[in-house]
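Presented below, as C-alpha cells, is a lone chain in the form predicted alone.
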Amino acid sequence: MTRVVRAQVLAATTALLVVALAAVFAALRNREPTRPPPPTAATAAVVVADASNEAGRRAFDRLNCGMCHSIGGRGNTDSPLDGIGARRDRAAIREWATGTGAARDRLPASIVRRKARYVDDPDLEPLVEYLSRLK
C-alpha cells in the first residue's frame, strides 16, 4: 500500500468514526423525555421537604453562616455543621444560631453580639428546620 492510499484510508476511517460518534451523541441527547409519575401524598411530602430545605439553604447563605461554618464542604470548614441535627435538638440549634441560652455562656461576646441580630430574623425558622434535618 502506498503512502497516499494509506492516508486516504485513514481519512475515510476517521470521517466514518466522527459521523458514527455524532449520531450516537445526537441519539442520546434527543431522546424522548420520560414523564414523571403523577404525584402522590408521599411525593408531595418530599416536594414540601425539598422546598423547606431550599429555604433553609438560602437562609444559610443570606445570613452569611458560611463565614464561620460549612455544610457539605461549602463554607468555612473549620466549623462544619454536617450532622448537627443528630447532635442537637431544634431548641439547641436555635440557641446556637442566635447566641442565646446555654450557647451565650460558651461563645465569645463578639460572636454573641453578631448572632443576636438573628433573633427576630424571618429566615431563622427555615434555617433551624434545615439544620435540624442534617443528620
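Everything numeric in this text was worked out from a predicted model, so none of it was measured. In this text, residue numbers run from 1 along the sequence as written.
The form predicted together with heme C exists for this protein as well; it is not shown, and the discussion that follows is about that form.
A.B. asks: Give a yes or no on whether every one of N64, M67 and L107 sits within 4.5 angstroms of heme C in the predicted complex by heavy atom.
C.D. replies: So, yes: the whole triplet contacts heme C.
A.B. asks: Using the partner position in the predicted complex, report whether R57 sits within 4.5 Å of heme C, counting heavy atoms only.
C.D. replies: Looking in the predicted complex, residue contacts with heme C do not include R57, since no heavy atom lies within 4.5 Å.
A.B. asks: Please tell me whether any heavy atom belonging to R87 falls inside 4.5 Å of a heavy atom of heme C, as the geometry stands in the predicted complex.
C.D. replies: Output for R87 is yes: heavy atoms within 4.5 Å of heme C.
A.B. asks: Tell me, yes or no, whether L21 is in contact with heme C in the predicted complex, where a contact means a heavy atom of each within 4.5 Å.
C.D. replies: Contact with heme C, no.
A.B. asks: A116: heavy atom within 4.5 Å of heme C in the predicted complex?
C.D. replies: Heavy-atom contact with heme C at 4.5 Å: absent for A116.
A.B. asks: Enumerate the residues of 77-103 that have a non-hydrogen atom within 4.5 Å of heme C in the predicted complex, in sequence order, or give none.
C.D. replies: In sequence order, S79, L81, I84, R87, R88, I93, W96, A97 come within 4.5 Å of the partner.
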